[in-house]
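One chain is shown next in structure tokens, namely the form predicted alone.
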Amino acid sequence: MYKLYFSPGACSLAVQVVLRELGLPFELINKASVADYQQINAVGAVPALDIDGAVLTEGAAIMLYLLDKHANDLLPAEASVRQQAIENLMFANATVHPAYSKLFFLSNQLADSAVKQQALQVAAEHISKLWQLIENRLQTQPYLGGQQYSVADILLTVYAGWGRFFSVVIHIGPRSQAMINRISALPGYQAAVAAEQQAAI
């Protein structure tokens, strides 16, 4: 059985949603409940996925492993469409995620001041520009990859929820918000959020 290490609200939520979308049994383990988590993942980050004692790290890599191993509709089989789906995943993971991470870094490292607020505002404006790129992609399709939602849409939905932690405005267009709403309403997404809340008690 898979063991998924998570922190509430972190990007590990997306991996849990994928596990549920694939109908796979797994054990959910709060990172905070582990005495020395760095023995599991040396960099201390989530997610980490234990597979019979072998541990996978890095969320995008974990999701690609799961999608390659188990039959699904989240990663197309046809080469060119599959490549675009992987590009979308990497855009979410390697471009949008770090942009949000900068907000967390600034918020945690800078003392409250006008300088901090200005820095947060600049970071938020950059994220808003990324969401505008997504908005443009969604002009003729409901999801980043087309008519079928993918892991990229799941990741973006998780990231969108992080905006509430900051005193700056991140602009998310109506089409992007509609996509977020559809992903958030998936039974697997709802169950993952509920499971995190229960495991965090």
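Since we're looking at a predicted model, the values are computed, not measured. A residue's number is simply how far along the shown sequence it sits, counting from 1.
Note that the form predicted in complex with a small molecule isn't included here; everything after this is about it.
Taking non-hydrogen atoms only, Asp50 never approaches the small molecule to within 4.5 angstroms in the model of the complex. Contact between Gly44 and the small molecule in the model of the complex is found at the 4.5 Å heavy atom cutoff.
Taking non-hydrogen atoms only, Cys11 approaches the small molecule to within 4.5 angstroms in the model of the complex. The small molecule is not drawn, but in the model of the complex it has no heavy atom within 4.5 Å of Arg137.
Across the proposed site, Asp73, Phe91 and Arg182 without exception lack any heavy atom within 4.5 Å of the small molecule in the model of the complex.
With the partner left out here, the small molecule still marks one of 137-145, 22-30, 165-173, 55-63 in the model of the complex; by a 4.5 Å heavy atom cut-off that stretch is 55-63.
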